[in-house]
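Only one chain is shown below, in structure tokens, and it's the form predicted on its own.
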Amino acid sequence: MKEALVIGRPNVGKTLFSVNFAEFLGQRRLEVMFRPRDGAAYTRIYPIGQARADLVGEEPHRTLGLQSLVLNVPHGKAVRKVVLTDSTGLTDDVHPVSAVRRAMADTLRQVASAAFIFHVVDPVSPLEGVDLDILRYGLTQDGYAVLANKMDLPGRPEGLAALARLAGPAPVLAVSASDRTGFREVRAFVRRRV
């Protein structure tokens, strides 16, 4: 199975996107494999609503390790399976908490093996620092797309145009993880690559 890595800064909506995209694809239960650095991987099964309640939050670095789920992506009359891996938010600075630093290192290691990279950004925030690093790397990869999230909020359409100019020629997909808009385009991106 190919892996799609969801990457970006803290609080840009990576986990909410992952859960809601799985629901958009028709999954009512999520089998999430947690891969903590200091311990064995384990799996937990969630109803969609419980996954949102347990995994999504406002505080930065709620996701402290790689957490993967298998998506069933319709592809013509067949269904292809893709592993969607949510990751820890990356920052420009060395984080003071060692668990966060280790989780960031795990995220960066995972980039090299991912078939797709979904780089989640908030289009009102300028692309700088780690976001520019991700963009530069992504432009060398076939399976890279920028997900301009939070399009349901004010100021995002104006930021989207500037983001598209900066990110070109990478695809920039306008999405709202909370409203579940733009997911058809993300599904089409995945379908073309599986």
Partner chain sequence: MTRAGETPARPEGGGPETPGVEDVFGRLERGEITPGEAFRVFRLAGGQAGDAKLEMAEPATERRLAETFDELEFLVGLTSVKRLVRELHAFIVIQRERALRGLSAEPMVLHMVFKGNPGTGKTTVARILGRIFKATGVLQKGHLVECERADLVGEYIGHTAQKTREQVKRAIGGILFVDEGYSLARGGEKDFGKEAIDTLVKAMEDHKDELVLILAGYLDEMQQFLESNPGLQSRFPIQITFPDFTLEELMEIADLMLAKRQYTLTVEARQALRAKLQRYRRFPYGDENAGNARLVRNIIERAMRRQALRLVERSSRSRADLQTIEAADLDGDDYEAGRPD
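Everything numeric in this text was worked out from a predicted model, so none of it was measured. Numbering follows the first chain given and starts at 1.
The same protein also exists as the form predicted together with the partner chain; that form is not shown, yet it is the one meant from here on.
Looking at residue 161, you'd find a heavy atom of it within 4.5 angstroms of the partner chain in the predicted bound form. Residue contact check for residue 152: none of its heavy atoms lie within 4.5 Å of the partner chain in the predicted bound form.
When contacts are judged by a 4.5 Å heavy atom cut-off, residue 81 does not count as touching the partner chain in the predicted bound form. Interface residue remark: residue 58 is not counted as part of the site for the partner chain in the predicted bound form, having no heavy atom within 4.5 Å. Site annotation in the predicted bound form: the residue of 90, 73, 124, 115 reaching within 4.5 Å of the partner chain with a heavy atom is 90. Residues within 4.5 angstroms of the partner chain in the predicted bound form, judged by any non-hydrogen atom, belong to 139-147 and to none of the other stretches in 26-34, 139-147, 50-58, 65-73. Contacts between stretch 76-109 and the partner chain, counted in the predicted bound form as any heavy atom lying within 4.5 Å, involve 90, 91, 92, 93, 94, 101, 102, 104, 105, 108, 109, listed in sequence order.
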